[in-house]
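One chain comes next, on its own, written out as structure tokens in the form predicted alone.
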């Protein structure tokens, strides 16, 4: 494995401590997570170990004058020699935040892997542009719909639910992340049923559709199961990345035979990002790492719904999915939870054109049914594109009018 001798990857931490000498603490991290000990080493050993030694890049102390206990913190950036770890995400994460994650009130808030490290990852196969190309939709946000309920349904019920969503003109439909292999809707049968419903809907709407089948099973069977799903007609995969690990996603994304977009579900992310004091920040977890590992779409809690993530953090996730600073293709941000047509102006205003408007209840809860729910979303998107308010557009578009009556319009 060739590494240039002098490339470093960076990690930034927020460390809360009322009394710590932060500069000393930073030095302890740089040494402790690399060569282990430094001061006790003889000079000859130091010379040999120097290239493996972590470096303190910056220590930025925040000490409000009237600080209450627990408010004093520092943002510390450490550079880790690429020489120390192999080019895979588990090795990177264990290096920068393995043991350290258990060392008091410390949160990993940013990462900047070296270009050498990043070059090992193919990233998203399709990315924003590729997904748009598959659908032939280049001039508006995409609309995604989610199954309302999945467990205990037989194939006929599942197919009908799929068909109704698809008839509304949505671009993407995803399985529920809690749908696993089961006797009522086994993988091949489920995919065949939904793919045939997609074809039926396409004849009615003239619109292409990507169906993200939930990819499940034991880790070492994932590739086989992905290929089974694709052979049965799946043209997308949904993946619970955090339950399996980023490396599983990277392996799937790099496999030339798994030639469909992958949507990353944020299941379990709440175990990592919400605390100010512990864990891994949402932009690192659901933004940078998902994109580097190869997610074409990354779902995360919207700032508008029931599962709340602060808007600043939300937009930072989006930035990391879309920034040109990474060599990997860009990934679609999919702010999710609590989305209804009345939020579309806000979503498009906050997230710009490259966003997926993702709805469950906002489609299925429409008084006219799921097909009308999908149409209401499409009409809301069209209204904004035409420079009209939703209320103006709703005068001539019944599905949108009914949706606004049901959920209202949010402007902030």
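Being a predicted model, the structure only gives us computed values, none of them experimental. Positions refer to the first chain, counted from 1.
Form predicted together with a small molecule: not shown, discussed below.
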item	value
Selected contact from 185, 281, 336, 314, since only one has a non-hydrogen atom within 4.5 angstroms of the small molecule in the model of the complex	336
Partner-contacting position among 75, 88, 110, 177 - heavy atom within 4.5 Å of the small molecule in the model of the complex	177
Per-stretch contact check against the small molecule in the model of the complex, the hit in 355 to 363, 54 to 62, 24 to 32, 381 to 389 (non-hydrogen atom, 4.5 angstroms)	355 to 363
Residue contact check: residue 288 to the small molecule in the model of the complex, 4.5 Å heavy atom	no
In the model of the complex, residue 227 touching the small molecule (heavy atom, 4.5 Å)	no
Residue 266 within 4.5 Å of the small molecule in the model of the complex, heavy atoms	yes
Exercise: residue 300 in contact with the small molecule in the model of the complex, heavy atom 4.5 Å	yes
